[in-house]
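Next up is one chain by itself, shown in C-alpha cells, the form predicted alone.
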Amino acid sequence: MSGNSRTGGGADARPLSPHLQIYRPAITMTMSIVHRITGAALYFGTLIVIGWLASAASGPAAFDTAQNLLGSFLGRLVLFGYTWALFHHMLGGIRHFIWDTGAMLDKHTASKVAWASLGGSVALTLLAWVIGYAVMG
C-alpha cells in the first residue's frame, strides 16, 4: 500500500467522513435520533403494559398493586412519557413512510414535516390525556 488514507498521504488518500460534532443539528436529524430513542423506550413501556395485564390476570390484589404504582405521580409521569413516545414514534413512522415514497424530500418541506410530527405528538398526547381524565370523571 503506497499511502495511509487516514493521514492523507499517498495516491489512495480519501477524505474521512466528518464527525457528528461538526454538523449543526437540523430538526430532521434530531427527529431521526428521537425516533430511534422512542422506539427503544416503547420496548420498555410495553413491558410495563404487559406487567399491568399480567397483574389483572393474577387477581385483585396484584391488580390493585399495579394500579397504585401506575396511579402514583411517578407512574403517571412514566405513562405520560410512554404516551408521547407512542404518538411521536407513530408520526415519525408516517413521516418516514411518506419520504420512502419520494415525496416531501426537499429540505424546506422535510423540516416542516419534522416540526409537524413533533407538534402533532405533543398535541395528540395532551388530547389523549385530557380525554382520559374526562372519561374517568
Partner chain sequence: MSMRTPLSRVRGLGSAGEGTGHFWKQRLTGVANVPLVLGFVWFVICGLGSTQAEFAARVSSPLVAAMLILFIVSGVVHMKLGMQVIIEDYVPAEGTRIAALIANIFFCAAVGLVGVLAVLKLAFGG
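All values reported here derive from a predicted model rather than from experimental measurement. Positions refer to the first chain, counted from 1.
Although it is not shown, the form predicted in complex with the partner chain is what the next lines describe.
Does Thr28 reach the partner chain in the model of the complex, with heavy atoms at most 4.5 Å apart?
Thr28 lies outside the contact set for the partner chain.
With the partner left out here, check for me: in the model of the complex, does some heavy atom of His88 sit within 4.5 Å of the partner chain?
No, His88 is distant from the partner.
Please tell me whether any heavy atom belonging to Ser111 falls inside 4.5 Å of a heavy atom of the partner chain, as the geometry stands in the model of the complex.
Ser111: no, not in contact with the partner chain in the model of the complex.
Flag Asn68 as yes or no: does it have a non-hydrogen atom within 4.5 angstroms of any non-hydrogen atom of the partner chain in the model of the complex?
No, no contact at 4.5 Å.
Please state whether all three residues Ile50, His96 and Met136 have a non-hydrogen atom within 4.5 angstroms of the partner chain in the model of the complex.
Answer is yes for this spot.
If you look in the model of the complex, which residues in 23-42 sit within 4.5 Å of the partner chain (heavy atoms)?
Counting only heavy atoms within 4.5 Å of the partner chain in the model of the complex, the contacting residues of 23-42 are Arg36, Ala40.
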